[in-house]
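Read the single chain below, which is given as structure tokens and is the form predicted on its own.
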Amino acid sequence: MESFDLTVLGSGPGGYVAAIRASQLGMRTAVVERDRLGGVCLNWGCIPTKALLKLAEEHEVLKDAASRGFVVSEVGVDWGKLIRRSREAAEKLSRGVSALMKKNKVSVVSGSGRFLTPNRLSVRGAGGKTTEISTKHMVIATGARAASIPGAEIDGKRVISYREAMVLPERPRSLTVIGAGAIGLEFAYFYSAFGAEVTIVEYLDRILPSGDDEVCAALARAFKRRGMKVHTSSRVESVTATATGTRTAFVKDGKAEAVDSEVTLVAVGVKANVEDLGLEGIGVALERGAIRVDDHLRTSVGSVYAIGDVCGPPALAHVASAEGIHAVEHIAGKAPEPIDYSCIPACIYCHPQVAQVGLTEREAREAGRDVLVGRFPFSANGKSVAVGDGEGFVKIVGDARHGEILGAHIVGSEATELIGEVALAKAAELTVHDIHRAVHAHPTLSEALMEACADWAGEAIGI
């Protein structure tokens, strides 16, 4: 039996980051992984999907080449090569994680881990061979998997999850997406960009239900202009096989409707991977199907911590990484401050991109805050006009009295890159005035942030 100071169960963006930080702090560390290093995010989520989405953007630019002054013959698509490109990106980074494990002297144990006691783990590897690990502390980072809904069971062929959506052998001519959160919207955009007839069915009253009202409305308009059909306030009753694909039946405004497509993607969220870990045997408490943790990511068992999607929302890779570092530093006695989740950005990489941090305007008002809002359209931003992409806007939500940054919401080109400035400002307790008064380079998209803050103060120059 090998002994470690810390063992991490799962090697996703939470697990491998936690392991590296533990090694930096002098702990003898192991990672237990049943599949590929890097977890779902690197192999089947964040990284390969962004490769696909970038290819979708490039395809749209090529199709619109004539308006930009280029003479291009008909644009063809080698679908197999396109999919391989995304897989190559994932494989390259997975090898990178393996190299990082070696560099930081982290032991990698291949197999499925199960608790015997809070400090002993049984790992079942290939061929059924079982080994045991003794550990002083444990970090559970087993992530989550695609959830489904009654009547829409995923079969991996016609009714698919995000995992199958990344490697479809052929381009579908039509696609129905159930769920209009980040995963659903990204794949809806991707397949629409490559010519699929896309229909989105969302249970709540708008797409991107967690977003700011104005951003949600702008994104819905953009998707409809692209030819997508969007059904909100629609409850899916069933997805059934047809001779040519699937039929998704739903109820909208009390009326039964249905849409036929070659493939239906179920994108209704994720479910924490808590099964078959032996958690009940050691007394780790669950809450709403996820592991319950305190402000320092400690479970109900003192030596066992949990991070990332297995703890429930927000299901974001960068949250898992931050939690991994925090948990390990707490184990090491560093007394880190609890993570401020109000300063964590959330991003969607469709086109136009969407990014947000902090409260929406509605949430701020419902919380009783005295709110002022500043806005600036990309259509009035010099860089946006120069590159020919003026869609969208920046919206700043600030406290009317003191200028505290309550939230920021961006829809438009490179929104996911721009949001970092506001996240940093909010975390550093800067104000709307501070962003407004900071001189931003011209011409850059970041000037739209500055101008939105200037608008908040009633001093916008460009509008």
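Residue positions are given as counts along the sequence shown, with the first one as 1. Everything numeric in this text was worked out from a predicted model, so none of it was measured.
What comes next is about the form predicted together with a small molecule, which is not displayed.
The listed set I149, M101, V230, V274 contains one residue whose heavy atoms approach the small molecule in the model of the complex to within 4.5 Å, identified as I149. Only one of G195, G281, G96, P209 comes within 4.5 Å of the small molecule in the model of the complex through a heavy atom, and that residue is P209.
Relative to the small molecule in the model of the complex, residues G181, G184 and Y349 are all within 4.5 Å by at least one heavy atom. The candidate stretches are 123-131, 198-206, 286-294, 213-221, and the one lying within 4.5 Å of the small molecule in the model of the complex by heavy atoms is 198-206. When the small molecule is considered in the model of the complex, A90 lies well away from it, no heavy atom lying within 4.5 Å. Taking the partner from the other structure, the small molecule in the model of the complex has no heavy atom within 4.5 Å of any heavy atom of V259. When contacts are judged by a 4.5 Å heavy atom cut-off, V236 counts as touching the small molecule in the model of the complex. When the small molecule is considered in the model of the complex, V268 lines it closely, a heavy atom lying within 4.5 Å.
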